[in-house]
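Only one chain is given next, in structure tokens, and it is the form predicted on its own.
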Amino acid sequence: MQLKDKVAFITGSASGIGKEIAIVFAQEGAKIVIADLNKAAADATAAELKATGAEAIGVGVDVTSEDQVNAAVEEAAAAFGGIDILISNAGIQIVHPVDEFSFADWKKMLAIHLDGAFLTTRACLKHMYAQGRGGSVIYMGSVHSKEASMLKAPYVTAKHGLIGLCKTVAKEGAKHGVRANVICPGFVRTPLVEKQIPEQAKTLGITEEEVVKNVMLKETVDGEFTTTDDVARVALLFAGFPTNALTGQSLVVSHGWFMQ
């Protein structure tokens, strides 16, 4: 029970990586806030967790809306008596070559990934600082926080930006006992990645099987996708770490795709 009675606010957690983190954290004793754009899905996931004996609530939130983020965090803090862990996980993917990327899609990508991370961080830090019991802020980066791939200019830009935000939060939060980290997964076979496979096949003029083998998994050591459980276990490592030794650090979880 590494996270007993800790309150975890997890964005984009009605499905995929966020949901797996919520499940693992609940097993470790955390009180879970399923924060998702889809309120019905958030409530359903919270109900699943409660059926296992966990404490959980669902909140609807558009992470690009300052008012919605502030309201969701206040609702969560009121329900559970504060916020101890933020997992900034909400994200989408849009793929095009740079010369064909619309400015609207560029801004949408940066708003969800960077503005969302900033707004949720600011709202949660206010509680973490005031509570006096420290906290953990974890950003869902990507191998694309370290590396680039074609067709993903705003995604790569945003994921690189999370590294900078994390380092700043680590320095500012230290005197309050707040740590900050970035998890950098490789390709995880979530609905987000499933959607990319046919899109990249069409854009690159290759088969979907070739996208998986020769684009997504080409640089791994075993030809395997990273799993949601792989990522959740690293999130648990960061959230439950007892000292500041790892604050400001990022960790690549990619089956050897990118090695530091």
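All residue numbers refer to positions in the sequence shown, first residue = 1. Fair warning: this is a prediction, and the values are worked out from it, not measured in the lab.
Absent from the display: the form predicted together with a small molecule. The rest refers to it.
The candidate spot formed by 97, 101 and 160 lies out of contact with the small molecule in the predicted complex, as no residue has a heavy atom within 4.5 Å of it. Residue contact check for residue 92: one or more of its heavy atoms lie within 4.5 Å of the small molecule in the predicted complex.
At a distance threshold of 4.5 angstroms between non-hydrogen atoms, residue 80 is out of contact with the small molecule in the predicted complex. Taking the partner from elsewhere, residue 182 is found to have every heavy atom lying beyond 4.5 Å of the small molecule in the predicted complex. Residue contact check for residue 38: one or more of its heavy atoms lie within 4.5 Å of the small molecule in the predicted complex.
This chain is displayed without the small molecule, yet in the predicted complex the stretch 111-119 from 111-119, 171-179, 71-79, 125-133 comes within 4.5 Å of it by heavy atoms. Think of it this way: in the predicted complex, the small molecule has a heavy atom of just one of 215, 201, 193, 234 within 4.5 Å, and the residue is 193.
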